[in-house]
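So this first bit is one chain, no partners, the form predicted on its own, shown in structure tokens.
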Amino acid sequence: MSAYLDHASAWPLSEAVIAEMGRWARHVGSPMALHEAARGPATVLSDARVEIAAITGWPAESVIFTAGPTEARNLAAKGALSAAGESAPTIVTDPLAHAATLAVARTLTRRAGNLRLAPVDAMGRVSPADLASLAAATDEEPGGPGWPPLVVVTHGQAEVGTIQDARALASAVRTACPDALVLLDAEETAGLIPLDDGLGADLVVIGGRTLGAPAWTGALLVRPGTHLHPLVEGGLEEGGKRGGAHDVPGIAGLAAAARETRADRDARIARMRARATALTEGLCAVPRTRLNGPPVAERLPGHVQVSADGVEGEAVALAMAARGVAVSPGSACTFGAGKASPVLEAMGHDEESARSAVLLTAGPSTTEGEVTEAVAAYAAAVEALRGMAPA
């Protein structure tokens, strides 16, 4: 690929992150052992907890390392509800939540409980009043009053780039239902948008990708005083909250990426927004192409999703790949399934518009040349595909 515009899937790793991971991949020793070889890995873990906890400002003990954000979502929802003793939970979120979040919620409420989805507007935003109302409406739920809901807030939406006002949402929920557990899904925003004090949440999911670490790394941050049962049971790793051997190289890379990001966050955000602006202008200059979701300045940095009349998003992505440009279909979760994006449909798009979406995501190292090449490839792909379509 000569132009990489698929940072929504994975980011290139910096040399510092690669070096740190390589250093510990060559080291023999478990952080749980008692001999000399354990000291280095144990120090990696303790130092990494400090780096990751700094994202929210919570103590280092709040960090539980996981194999990416999907596991963290599962641990947060299942572990918190199990610790609360809720066998018939009420879970409140919105239809733009991550597919893993919705899958977990449906599993936990399939036999007993209730899943409530807050409506979203044309930009994918959730109203604090709507979310609070759904969180407070527990009198008729299984278990009745005294069964506080789990409320999941998706800080950044991966498909259309919408950024929720998470602090306002959490505050509204607390006012309406003081005992509610609030889970902040920050996979798309960690390292890009401040998460001070977890923006009012009790649990915060982060992934390594937006920090510049491998996509298979991540963590769940748990506010002190919030109870959690393990999802993966085993030994005493992670304070008994997540059993299994530690991915020391991955955790070392996660910490190194967090340090780099913190030192360069404002500059990298500015670069990513500049590239997204240029992408949006170039792509929307193609006839009958439009931006989906909020304006560039109000969405995830580097994030652009467009739809073009008369084409399929998957076909456009494949045609661009043939021209050396890496992008994603608009909805990665439905790729290959022949389905329209449920996210865009929830925002009011018709099926044709939803099926035609293509996602381009720039990173800190994306160049102007890559943007120019991507725009040209998109224009050529759309023209060619329209030319092959029936009149």
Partner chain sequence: MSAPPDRSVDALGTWCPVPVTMARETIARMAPGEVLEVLADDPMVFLDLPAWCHDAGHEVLSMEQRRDIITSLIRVG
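A quick note: this is a predicted structure, and the numbers were derived from the prediction, not measured. Numbering follows the first chain given and starts at 1.
One more form of this protein, predicted together with its partner chain, exists but is not displayed; see below.
**Request:** Within 4.5 Å of its partner chain in the predicted complex, counting heavy atoms only, one of 300-308, 266-274, 231-239, 94-102 shows up; tell me which.
**Result:** Result for this chain: 231-239.
**Request:** State the residue from P178, P287, P119, G85 whose non-hydrogen atoms include one within 4.5 Å of its partner chain in the predicted complex.
**Result:** Flagged contact: G85.
**Prompt:** Heavy atom within 4.5 Å of its partner chain in the predicted complex: which of S171, T109, T226, S127?
**Reply:** None of the other options qualify; the answer is T226.
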